[in-house]
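Next up: a single chain in structure tokens, the form predicted alone.
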Amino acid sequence: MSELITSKNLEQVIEKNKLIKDDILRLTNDFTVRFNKLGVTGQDKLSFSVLKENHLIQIPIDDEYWGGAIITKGSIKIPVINTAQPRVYQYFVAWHEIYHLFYDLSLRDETHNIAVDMDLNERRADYFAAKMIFGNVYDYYYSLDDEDFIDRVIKCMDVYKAPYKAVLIELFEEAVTKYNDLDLKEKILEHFDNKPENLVQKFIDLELDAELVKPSYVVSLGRLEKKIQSVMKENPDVSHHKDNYQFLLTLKNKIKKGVEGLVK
């Protein structure tokens, strides 16, 4: 992820977005043409579908700050998502990792490209994720009848399946760069560093599906199980395929037992 974003550096983030906006919009169009030929409309389903085609590993890790990564070995790139984080973060991380998987110049070659500005690169990944997730969130925010600012933001989270800060950053950018909406700008700055506590209860109170702000704890090892089963069938006399399969099953069982300790 990019640098820690707070109310103090939020305007600097928007300035960085201005520098990369045209390029990121070009990449979102490219992604739609190249990777969504079936016209999938659910952005959350689309991102996971594309990552699964690239052997996505989903494992719960007890670390609230680690959302995911692209693990590289030579020319092989494997995406990983932490399913112990609430689904709303997983969806954003999925798009963030799609940027790295397909468009990150530092991961394009086997050799790390030190010419890439890594801070700006992470901002590009976050901005790509935001542009893949959000539609016209500014107009949606103002279409809501709620007088309470936080209730409106939570309803934006629900509609776009986006994290709290991602909603505020998108609203802030529209308020500052497009509408000169000083009232909304001040409200965002006032609440930006204070994410509401107990989002699950707030979703319930607003009659929204609270599963969005809960972890999924999915365990999936990226089609490895089926791949090993396939080579075992093709080469029944090769013993190390059987050893690999047994090791994978043991690992999977260990992870699942570990999940039991995470579920509260």
Partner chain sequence: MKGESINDLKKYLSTGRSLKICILDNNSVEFLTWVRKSVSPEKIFSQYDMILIPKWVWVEVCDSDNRKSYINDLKHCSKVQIIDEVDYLTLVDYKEAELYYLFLYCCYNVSRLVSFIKKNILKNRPVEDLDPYEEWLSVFYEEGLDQKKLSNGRIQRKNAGEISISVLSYIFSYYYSGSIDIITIFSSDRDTYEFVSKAKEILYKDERFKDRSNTSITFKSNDLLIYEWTRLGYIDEQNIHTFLDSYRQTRRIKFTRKKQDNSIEEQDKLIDNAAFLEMLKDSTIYLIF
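Here the structure is a predicted model, which is why all the values come from computation and not from measurement. Residue numbers count along the first chain shown, from 1.
What comes next is about the form predicted together with the partner chain, which is not displayed.
Asker: Heavy atom within 4.5 Å of the partner chain in the predicted bound form: which of S239, T41, N198, N29?
Answerer: Looking at the other structure, the residue within range turns out to be S239.
Asker: Which one of N235, N36, S49, S220 is close to the partner chain in the predicted bound form, taking close to mean a heavy atom within 4.5 Å?
Answerer: Contact residue from the list: N235.
Asker: Since the chain is shown here on its own, which stretch among 62 to 70, 227 to 235, 41 to 49, 210 to 218 would lie within 4.5 Å of the partner chain in the predicted bound form, judged by heavy atoms?
Answerer: Answer to the contact question: 227 to 235.
Asker: Decide whether E15 counts as a contact residue for the partner chain in the predicted bound form under a heavy atom distance cut-off of 4.5 Å.
Answerer: E15: no, not in contact with the partner chain in the predicted bound form.
Asker: Please determine whether D243 contacts the partner chain in the predicted bound form, using a 4.5 Å cut-off between heavy atoms.
Answerer: Flag for D243 set to yes.
Asker: Scan 129 to 144 and write down, in order along the chain, each residue with a heavy atom lying within 4.5 Å of the partner chain in the predicted bound form.
Answerer: Stretch hits: zero.
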